[in-house]
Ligand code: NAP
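First comes one chain, alone, set out as structure tokens in the form predicted on its own.
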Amino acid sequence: MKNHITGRTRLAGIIGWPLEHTLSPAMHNAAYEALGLDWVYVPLPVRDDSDLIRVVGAVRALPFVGFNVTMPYKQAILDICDEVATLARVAGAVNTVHREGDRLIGYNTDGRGLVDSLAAEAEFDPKDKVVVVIGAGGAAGAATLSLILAKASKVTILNRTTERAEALVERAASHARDTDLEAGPFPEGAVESIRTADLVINATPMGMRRSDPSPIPKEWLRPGQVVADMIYSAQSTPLVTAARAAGATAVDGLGMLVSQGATALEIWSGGTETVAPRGVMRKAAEDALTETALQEVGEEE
């Protein structure tokens, strides 16, 4: 984080709970330093929805360029923003808010982050491909919309509560001119859909805890597939481990985190020619993740 903060320094940050292990401050502050921006990025831990309203009110009064939103407020922030971009509205989640004067504009950069990370880390283009998304929350919505924009041939959304998957399909259907959308239950009846997919995405929280099993058994995966876990960890997530054991190409969510953060920075810059330094951001995120993992080991000992 920059050491020289003045009365002209602009603010950015991340709202969520808990935020003890967020990588975003390290990632963003490294980018601001590399770009010579007089900005600083801070964590904004918010305990509940009533505090969320108060914190957002304070953001309007302070010199913020914008802020990110993470769990559990990506849905709640939708109704607080003055305007929400179509992609975020259909996805059902906002993860990036840009302050324009007194107005707060909500975006979702997670989907673009996912597609960018697939291209960079797996050389995968969703165009004309068959995709399965596990989950039906905000992360799944962002993934689905990004896949539609990338012209995937088919996207199947599988969820334990089928009605939520069906609701996501209904919201996205009017935008899916080149993409067939389908909803189904998970895990019942999901084996064939997963096994035959070109790309399988975990958009659930399963894998965030060390004790979590893989959301998809290794036996359901195959060589030649690409598997993307939207969760990241200092070690391989259970799904990434299972996918690689099955011969699939697997990526975790760190690349997506970096890309969505870079896109947020570019939005906050107000449409200028600013290009976020993704390599710098990736290195800072990796270093922060390693430091967090070492702290956790020390706490366990």
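The first residue of the shown sequence is 1; numbering continues from there. Owing to the predicted nature of the structure, the values given are computational and were not obtained by experimental measurement.
The form predicted in complex with this ligand is left out here; the points below concern that form.
Visitor: Please tell me whether any heavy atom belonging to Gly137 falls inside 4.5 Å of a heavy atom of this ligand, as the geometry stands in the model of the complex.
Guide: Answer yes; at least one heavy atom of Gly137 falls within 4.5 Å of this ligand in the model of the complex.
Visitor: Does this ligand get within 4.5 angstroms of any non-hydrogen atom of Pro185 in the model of the complex?
Guide: No.
Visitor: Would you classify Trp39 as touching this ligand in the model of the complex, given a 4.5 Å non-hydrogen atom cut-off?
Guide: Result no; Trp39 lies far from this ligand in the model of the complex.
Visitor: Verify the contact flag for Val131: yes if a non-hydrogen atom of it lies within 4.5 Å of a non-hydrogen atom of this ligand in the model of the complex, no if not.
Guide: No, no contact at 4.5 Å.
Visitor: Hey, of 202-210, 170-178, 219-227, 121-129, which bit sits against this ligand in the model of the complex at 4.5 Å between non-hydrogen atoms?
Guide: The contacting stretch is 202-210.
Visitor: If the cut-off is 4.5 angstroms on heavy atoms, which of these, Lys154, Arg89, Arg160, Arg195, is the one near this ligand in the model of the complex?
Guide: Here the answer is residue option Arg160.
Visitor: Looking at Leu149, Ala85, Met71, Ala76, which is the one with a non-hydrogen atom within 4.5 Å of this ligand in the model of the complex?
Guide: Spelling it out, the residue with a heavy atom inside the cut-off is Met71.
Visitor: Only counting heavy atoms and a 4.5 Å limit, does any residue of 110-134 reach this ligand in the model of the complex, and if so which ones?
Guide: Heavy-atom contacts to this ligand in the model of the complex: only Asp110.
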